[in-house]
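Below sits a lone chain in structure tokens, taken as the form predicted on its own.
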Amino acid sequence: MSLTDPQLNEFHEKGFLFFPGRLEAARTLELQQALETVLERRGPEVIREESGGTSARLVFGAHQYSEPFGRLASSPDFVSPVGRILEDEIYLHQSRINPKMGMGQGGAWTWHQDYPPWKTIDGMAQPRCIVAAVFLDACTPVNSPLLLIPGSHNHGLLDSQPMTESSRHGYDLHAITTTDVEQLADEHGIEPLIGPAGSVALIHCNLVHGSANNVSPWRRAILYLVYNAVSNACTGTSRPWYQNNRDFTSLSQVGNPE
């Protein structure tokens, strides 16, 4: 996946690029099948929903223990465009899956930027980090699609507060203020990411986003691959490997036979 100059300009203006149905059907199916095994995993890298049920809210680190997710994470289809956006060699800081189960099991995500916990906890000096969102299921208007505020990344790091519940459950979400959300939405609008399974979005780590509780009957799983510039490698060591990868080897040196 190579980017054109107009696409680069669009990314810098809006803070994201969206490619509906980008992955071929066979690869999408392989990831969906691998997801069923990943969701059965037990361990600290699997964070359950705060409601106290058994549904997974986040599954970290699947690129390390599921071969299809590992191949995808190091694929040139991702490494090349992200490297071009950041103008640097890149490594995978973190991967996580939000299964967003249906019938209210998949909880909401309040408006936030991804960068704050990476800065304050993991020691990521600058927001030179791109999140690749890969749709493992179709994202529709009814199954709680990801909502983005285009251009909000250009406002820099906003005031935010760590949410006590998220920290206690191990994923450290920082919520921005209602006033900032209202002002940004009035200025830029809100855009839902809607598309078939296999769609891909490249998202700036300071872009404001969130999603509602999934009350539909249908799961809405998204894989997030978090790519950081090698020159921006994290200095913190308090979080485990599945949240703060300590291997800063450039993915362009790893190689990936497609």
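The first residue of the sequence shown is number 1, and the count goes up from there. Computed from a predicted model, the values in this text were never measured in an experiment.
Absent from the display: the form predicted in complex with a small molecule. The rest refers to it.
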Within 4.5 Å of the small molecule in the model of the complex, heavy atom basis, the matching stretch of 75-83, 91-99, 153-161, 119-127 is 91-99
Among Ile149, Ile176, Leu146, Val134, just one has a heavy atom within 4.5 Å of the small molecule in the model of the complex, namely Leu146
With a cut-off of 4.5 Å between heavy atoms, is Arg220 one of the residues that contacts the small molecule in the model of the complex?
yes
Would you classify Ser211 as touching the small molecule in the model of the complex, given a 4.5 Å non-hydrogen atom cut-off?
yes
In the model of the complex, is there a heavy atom of the small molecule that lies within 4.5 Å of any heavy atom of Tyr224, even though the partner is absent here?
yes
Would you check, heavy atoms only and a 4.5 Å threshold, whether Arg71 touches the small molecule in the model of the complex?
no
